[in-house]
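Let's start with one chain on its own, the form predicted alone, as structure tokens.
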Amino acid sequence: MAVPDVKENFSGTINEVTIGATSEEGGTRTSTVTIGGETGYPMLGFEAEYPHPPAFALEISTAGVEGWHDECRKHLADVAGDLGAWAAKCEEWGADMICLCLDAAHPDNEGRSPQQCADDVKRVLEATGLPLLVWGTDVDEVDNNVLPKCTQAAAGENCLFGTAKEDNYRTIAASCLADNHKVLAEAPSDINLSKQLHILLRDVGVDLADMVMHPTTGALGFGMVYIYTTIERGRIAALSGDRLLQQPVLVNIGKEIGRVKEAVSPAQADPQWGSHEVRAPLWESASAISYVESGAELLVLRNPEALRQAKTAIESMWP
């Protein structure tokens, strides 16, 4: 009896997006990261092409690690006060990219100036050759002042800047266009809102192939299934030919893990949950692996042990 051919053929392909620029490309990065390019569902290598494995970024913050849980902080005790040293350490740990969060510019923190933030960007670029993702404060009026100065400071490096949202996309888009960077587009857990934002960005001149989609993120057991299905539905539409959803997907996992009691509570407080040393990184890496299975291509983590676990698992099962 013949075995039926169950392969699915799709008309769409996920856009390839490259972040970072080497000296030959006008930048100073020693490596670049390319995500996207898939022609089918995740992990089904028998029926689709997967030219690039998922990429992992480690987060560093201009506000340090206050508020991060102990299992993250113990790895960072020697470097958290020095962005350059922190970034270099992330490279040693095996990160593919650096995610620089400009948290100190938030009005509830230091309210750091645009020039100070630009200096922070330069400091990180000088300390590591990895490609850079720069994440604003999520306060629109602050980001509209800070991010343009930062895109100028990183001109020529082909960074990823975000997040561009419906209420602030114009300033971020204009800055990224002027300084040749990619745009991280954030819409909250809805593929129709994502499509609308991508249309707005396209209308002001950003090419669809120069965007990365951020549908927001939920941690394992705490909203992850909802975001997972949002990514999954978007990927089905993209592969079926919807060009407005053919952007690769980023999820910011480490930050969300820090909000999950079961992941961050020390064993002394909740002994029934077992060792915090085991539980905390595993919660983060398990979330990352799950999102890769949904179609996410770029994952931002905090814990270097979670990075090691996630990369090892993905390498073992990547087609």
Partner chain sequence: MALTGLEIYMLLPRTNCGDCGVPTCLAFAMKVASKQASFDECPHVTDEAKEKLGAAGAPPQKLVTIGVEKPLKIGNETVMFRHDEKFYNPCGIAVLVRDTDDVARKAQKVKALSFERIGQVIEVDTVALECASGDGETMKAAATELNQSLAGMPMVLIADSSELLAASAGALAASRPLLWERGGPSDALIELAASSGLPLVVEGDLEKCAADAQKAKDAGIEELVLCPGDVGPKEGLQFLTITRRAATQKSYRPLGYPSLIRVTSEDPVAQSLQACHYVYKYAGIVIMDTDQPEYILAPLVARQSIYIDPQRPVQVEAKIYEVNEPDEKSPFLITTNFSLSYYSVFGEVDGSRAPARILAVDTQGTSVLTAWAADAFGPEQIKKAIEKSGVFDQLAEGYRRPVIPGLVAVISGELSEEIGQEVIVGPQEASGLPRFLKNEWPKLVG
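Numbering follows the first chain given and starts at 1. Everything numeric in this text was worked out from a predicted model, so none of it was measured.
The same protein also exists as the form predicted in complex with its partner chain; that form is not shown, yet it is the one meant from here on.
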Is its partner chain in the predicted bound form near all of 5, 44 and 222, within 4.5 Å of a heavy atom of each? yes
Indicate whether residue 51 is a 4.5 Å heavy atom neighbour of its partner chain in the predicted bound form. no
Does at least one non-hydrogen atom of residue 268 fall within 4.5 angstroms of its partner chain in the predicted bound form? no
Answer yes if any heavy atom of residue 28 is within 4.5 Å of a heavy atom of its partner chain in the predicted bound form; otherwise answer no. no
If you check in the predicted bound form, is residue 286 within 4.5 Å of its partner chain, heavy atoms only? yes
Out of 114-122, 231-239, 153-161, 174-182, where are the residues with a heavy atom within 4.5 Å of its partner chain in the predicted bound form? 231-239
Answer key: of 18, 309, 22, 13, within 4.5 Å of its partner chain in the predicted bound form (heavy atoms) is 309
Scan 242-276 and note down the residues that get a heavy atom within 4.5 Å of its partner chain in the predicted bound form; none is a fine answer too. 259, 261, 262, 272, 273, 274, 275
